[in-house]
Each structure stands twice: as C-alpha cells, then as structure tokens.
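The chain that follows stands alone, in the form predicted alone, written as structure tokens.
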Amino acid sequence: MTIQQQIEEIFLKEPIPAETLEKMEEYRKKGYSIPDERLIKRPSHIQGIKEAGIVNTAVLDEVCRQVHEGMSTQEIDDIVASYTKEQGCICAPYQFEGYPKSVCTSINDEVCHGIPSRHRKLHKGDIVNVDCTTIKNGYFADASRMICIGEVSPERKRLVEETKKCLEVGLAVAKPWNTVGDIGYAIANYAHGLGYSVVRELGGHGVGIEFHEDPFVSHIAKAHTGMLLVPGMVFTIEPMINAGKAGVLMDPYNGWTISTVDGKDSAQWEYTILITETGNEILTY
C-alpha cells in the first residue's frame, strides 16, 4: 500500500465524531458554508502533519541561523534543500507546477514567490521573506518568516513587526464555529488602521494532505462570512501586507514572482494551524 493509499484509508478508519457532525448540521441549517468532510483531518492525519511541521520549523530555524549580509538567495535555497534532505523529507515547492527551486525568497517590494538566484544578493537594510513547505511521509507543512538583514530602516522594521501582529490578530479569531471571513476581517481591520494595505489576490489555504487545499483564506473579508471553522481543519494564515497600495503584478519573465505595483515594500508571515475543540494550535511557524 502506498503512502497516499494509507492516508486515504484513514478517512474510513477514523470517522468524524458524531457530536461534531451534529453541530455542523446545526450550522448548515442556519445557512453557513460547511466544509467537506475530507477537509476535516483525522487524528492520524494531524499527527503526520505535526511531524512535517517539526521539520519545517527546524528548516526555517536553520535558515535564520545562517542568513547574513552578502549571501545570495540561492545559498538560502541550498540550505533548505540540504537540510530537508538530511531529515529524509521533500521540499514541496521544487518542480511544483514548474517552480524551479526548493524555497521562495522575496525581498523588499516582492510580495511572494521570489525565485532564489546566485545573482541576487542580500544587502544591509533588506527585508526578505523565506517561504518553506516540507513533505514528510506524504504530509505537508507550510510557513514563512520575515528576516531583517542587518540594520533596517524604522519603516521596514515597523512593517515587518506589524505584519506579524496582523497574523496574530487573525490567529486570535481562528476558533471553532467562527468563519474564515472572521480571520480576514480581523487582519484587514488591524492593517488598515495602521495605514497599510492588504493583498487581495493571494491568501492562506488548506494544507496537510495536499500542498493547497480548500478553504481559501482571504486576509480581507467580511466577518461571519465564508466557510465555517470546524475542529480538525488545517490551513495557513499568511497575510501579505503592503506599505503602499494593495495592487500587485507578476513578473512577466519568470511567471512566478509577485511584486507591489507601486514598488513599495511588502511583508508576510505564515503559520500552519489546526482548529481544535477550544481554539487553535500552531503546527509550524
């Protein structure tokens, strides 16, 4: 039996608790959008995702330990690829839909999907997002961090710090029987209050058994809208906050890197979380 077949079999062996199904039905009758039962991870799935998350967090820790002014973004990719392989795991981004590297490195005005290169150096004052996804035994865990290279400007430091707070305010409302929209509303309300804008086109996503699953987690939404949050759901919260306008554009040459339309800075932090009976649990950060 393959790993994927084992993962599929768990859906049959470990059913959703009856009380959870009953409560889901109550909310469905009230008009809420209810997740497909396959989006509710079973205990064995959750254990597998947690194990992938431990490695994913360790990879990012290793990058943070080694990163320095003057190194290339390809060196970051080398660290991620080597460390992940040493742990017997797989870098999920590599060759995903043709993506050529093992990690994403997005600098300053790059919102996401920056492609590592030996020609792209880190300079004092840069801010860089390192976005890492690890596969272990068929399970996925996904997170990203902002790293300041040397002494950065007060404006960049504030953007990095407040973007993390955006993630934290979203995390605070990611509770069972709230909705995905509650997360986006909390994040956007906080970011807009600081004079920042929130990227609309990109957002968080379900993760665990596949790289990208439902639900799409918008970081700008109306409260009490979108999919109901049910214990067992696993997804990312990863707000992309811009210092200037919300608009973004894709690099026409590499077809991956997304940057701010006005050239102003952007920052992003990402956690993979599990919705529990009482709140949530961070699985990788």
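Counting begins at 1, following the sequence as shown. This is a predicted model, so every value here is computed, not measured.
Absent from the display: the form predicted in complex with a small molecule. The rest refers to it.
Trainee: Looking at K165, K121, H212, R156, which has any heavy atom no more than 4.5 Å from the small molecule in the predicted complex?
Mentor: It is H212 that has a heavy atom within 4.5 Å of the partner.
Trainee: Could you tell me which one of E110, D77, D131, D182 places a heavy atom within 4.5 Å of the small molecule in the predicted complex?
Mentor: Checked against the cut-off, the match is D131.
Trainee: Which one, 90-98, 185-193, 156-164, 69-77, holds residues whose non-hydrogen atoms are within 4.5 Å of the small molecule in the predicted complex?
Mentor: Looking at the partner contacts, the answer comes out as 90-98.
Trainee: So, a 4.5 angstroms cut-off on heavy atom distances: do all three of D126, M146 and K264 pass it with respect to the small molecule in the predicted complex?
Mentor: Per the other structure, none of D126, M146 and K264 touch the small molecule.
Trainee: Is W256 part of the interface with the small molecule in the predicted complex - any heavy atom within 4.5 Å?
Mentor: Yes - in the predicted complex, heavy atoms of W256 and the small molecule come within 4.5 Å of each other.
Trainee: Spell out, yes or no, whether the shortest heavy atom distance between A174 and the small molecule in the predicted complex is within 4.5 Å.
Mentor: Judged by the heavy-atom cut-off of 4.5 Å, A174 is well away from the small molecule in the predicted complex.
Trainee: Would you classify V198 as touching the small molecule in the predicted complex, given a 4.5 Å non-hydrogen atom cut-off?
Mentor: No, V198 sits far enough from the small molecule in the predicted complex that none of its heavy atoms falls within 4.5 Å.
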